[in-house]
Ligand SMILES: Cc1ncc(COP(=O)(O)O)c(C=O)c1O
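First comes one chain, alone, set out as structure tokens in the form predicted on its own.
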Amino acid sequence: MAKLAVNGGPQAITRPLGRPWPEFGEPEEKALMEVLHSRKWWRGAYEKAEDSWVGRFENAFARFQDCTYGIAVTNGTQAIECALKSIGIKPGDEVICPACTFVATATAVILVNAIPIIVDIEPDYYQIDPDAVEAAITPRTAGIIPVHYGGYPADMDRINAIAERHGLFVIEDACHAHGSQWKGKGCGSLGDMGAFSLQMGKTLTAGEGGIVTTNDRELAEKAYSFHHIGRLSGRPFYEHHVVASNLRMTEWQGAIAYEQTKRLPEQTERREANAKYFEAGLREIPGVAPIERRPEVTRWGFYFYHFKFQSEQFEGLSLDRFREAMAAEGLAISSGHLHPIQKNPLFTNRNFGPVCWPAGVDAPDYSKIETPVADRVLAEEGCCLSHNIFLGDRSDMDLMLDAIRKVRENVAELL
């Protein structure tokens, strides 16, 4: 008789795990009704920004991430673009970013007429490799966009040290890292600027939306202008100072985002407590291992959770076959954003559209960019779980561990 579900045996997990996402309740309903009846559906209807829902969200979220300023925008991609414009990016500048991220990290660079330089990740934590960053610096390099991939903080000590040595800016792509901390400081407060996403799947969501964070007043004022059609705070409404778009968040999104920000601390704590329990269980099962926490990672507010599959301890079983067996047992395991972004057709085919690069300046041949660590992790090791699974209780963690243990104990059926 087969024991594994993939071969017709009983399924290990027969009920939903975690909690439905997003979590909401009466506070969100009340806030939305207040917006409706106010007839003030955009922040410009308020004389003082802090009286608007968007302004309340900006202040509350910035404080939670240890930032002085927050500028809410339409989405995470625009948050990166707004930060790049505020930092003073110029056509043809090179900006270094990692291979493992959502493609918008790099496309935002192209959209402001700069050139993304894609580098490998390091093998232990799946974050941008500081050695690869330093090796990629050229006279045209203007800055670095480290991605806190999965919400796990990148090595900001080394990234900032490299940036200081070479006179580069640092914009944190913190779109996965709501609540994460490096040495007790929130992601988004560690570089010159930070960018967050509020897209539907993120750990803080308003359906869509984003926010730029910084502790630099001048950069904050520039970001405000670039998100508000070139206006300056305190100046006449129809006085415009720079060419800029309209990236404003609506009061509807601001209301949801503000109430969701109140939930974020408890949700982050709940996820992290469950993850630590899950990690302890993983360490007891041969062939799987958690991504260990560096001492500098004082809080991991993960968007998705990665752990490592070790084929040699599964008698040579492939990662794909392991995922197939786990899905049959009731636990879907994905690869997250481990696919190296330079292998997307937009890069390999150079589908950049019109760009404004100086004469003689061009992007690299992305088809020739090698990221061997990212390739190996994608093909052999990386296992990704959704953050909402970790919003449940410990019985969910036990079910997941039982399912993994079951596949490990019956691996011969798969071979």
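Counting begins at 1, following the sequence as shown. Bear in mind the structure is a predicted one, so any value in this text is a computation, not a measurement.
The discussion below concerns the form predicted in complex with the named molecule, not included here.
- Heavy atoms of Arg299 never reach within 4.5 Å of the named molecule in the predicted complex, leaving it off the interface.
- Interface residue remark: His227 is not counted as part of the site for the named molecule in the predicted complex, having no heavy atom within 4.5 Å.
- At a distance threshold of 4.5 angstroms between non-hydrogen atoms, Asn113 is out of contact with the named molecule in the predicted complex.
- Taking the partner from elsewhere, Lys202 is found to have a heavy atom lying within 4.5 Å of the named molecule in the predicted complex.
- In summary, among the residues Thr101, Ser189, Gln342, Asn274, the only one with a non-hydrogen atom within 4.5 Å of the named molecule in the predicted complex is Thr101.
- Checking Gln127, Ser86, Thr261, Thr77 against the named molecule in the predicted complex, a heavy atom within 4.5 Å turns up for just one residue: Thr77.
- Residues placing heavy atoms within 4.5 Å of the named molecule in the predicted complex fall in a single listed stretch, namely 77 to 85, out of 157 to 165, 77 to 85, 280 to 288, 240 to 248.
- With contact defined as any non-hydrogen atom lying within 4.5 angstroms of the named molecule in the predicted complex, the contacting residues in 171 to 197 are Asp173, Cys175, His176, Ser197, given in sequence order.
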